[in-house]
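Taking the form predicted alone, here's one chain by itself in structure tokens.
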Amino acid sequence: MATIDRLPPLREVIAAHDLVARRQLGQNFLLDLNLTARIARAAGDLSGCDVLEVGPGPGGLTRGLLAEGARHVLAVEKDSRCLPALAEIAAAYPGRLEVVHGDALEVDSAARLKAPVRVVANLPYNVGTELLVRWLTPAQWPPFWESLTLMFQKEVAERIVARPGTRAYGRLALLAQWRADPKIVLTLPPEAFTPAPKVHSAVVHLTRLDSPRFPADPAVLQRVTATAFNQRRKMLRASLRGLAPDIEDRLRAVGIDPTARAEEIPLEGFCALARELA
């Protein structure tokens, strides 16, 4: 189908508003409304939900979210050139779309949303990982959101879902899997976007856990994993020496071989070590 509502196709919208994607803003527009609708559906049942969208651009995913029944969409857009196109969508869906002109790293989105909240976004490549880390590390848990359905470069998506013993396994996998259940739900080739990026993209759906998968102090766990993976090729007895003078005994106490490397240790092991060091 050419469109999912009575609004013009996205190519016409982009041409009408002269919306050339800007590399410095991490913009790659997804123009196929069938694909944006698939991403919206990957977020689950949106009826009765508020949705936060970051970087809507010309509004392809925004239209998908509204067409799929989102109660209210809060779209945070930094690029003022996109605001007229988003205003046209707001007019077509009265009372259901709120557009905020600003930087998603600075806007207090949670204060503008009512539970239940889902975050769905084709994130700008230059801030995607930083936003994910912020959403996974709030001052209080559980957070304001129930799920995150986010587009990343495929390499980043694979790091989020990576398992121990793989090359992609690291701090991002541990953080995501400690507090959420992540899975890749869609992979997209470069030609799906305008302009085409040099890499494939993937959509990751993360369902929050009401409490972390294993008990651990967040600050201690972050310090342990950062120290371990900053020198991931070293044995843990060497890379973690600065955390405790008796680190070998601490490792053995929680069942970790001191000669193992960071990428070999599962989440449960790092949490156990964090508790031991705390």
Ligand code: SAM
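This is a predicted model, so every value here is computed, not measured. The numbering used is simple: start at 1 and walk along the sequence shown.
There is another form of this protein, the form predicted in complex with S-adenosylmethionine, and it is not shown here; the text below is about that form.
S.K.: Could you spot which one of 84, 102, 170, 142 gets a heavy atom to within 4.5 Å of S-adenosylmethionine in the predicted complex?
M.R.: Comparing distances to S-adenosylmethionine in the predicted complex, the residue within 4.5 Å is 102.
S.K.: Though S-adenosylmethionine is not shown, can you say which of 76, 156, 90, 174 has a heavy atom within 4.5 Å of it in the predicted complex?
M.R.: Checked against the cut-off, the match is 76.
S.K.: Any of the heavy atoms of residue 55 lying within 4.5 Å of S-adenosylmethionine in the predicted complex?
M.R.: Residue 55: yes, in contact with S-adenosylmethionine in the predicted complex.
S.K.: Taking heavy atoms only, is residue 133 within 4.5 angstroms of S-adenosylmethionine in the predicted complex?
M.R.: Contact with S-adenosylmethionine, no.
S.K.: With the partner left out here, check for me: in the predicted complex, does some heavy atom of residue 30 sit within 4.5 Å of S-adenosylmethionine?
M.R.: Residue-level check for residue 30: yes, a contact with S-adenosylmethionine.
S.K.: Find out whether any non-hydrogen atom of residue 124 is located within 4.5 angstroms of S-adenosylmethionine in the predicted complex, and reply yes or no.
M.R.: Yes - in the predicted complex, heavy atoms of residue 124 and S-adenosylmethionine come within 4.5 Å of each other.
S.K.: Tell me the stretch among 56 to 64, 205 to 213, 222 to 230, 235 to 243 that has any heavy atom within 4.5 angstroms of S-adenosylmethionine in the predicted complex.
M.R.: Among the candidates, contact is made by 56 to 64.
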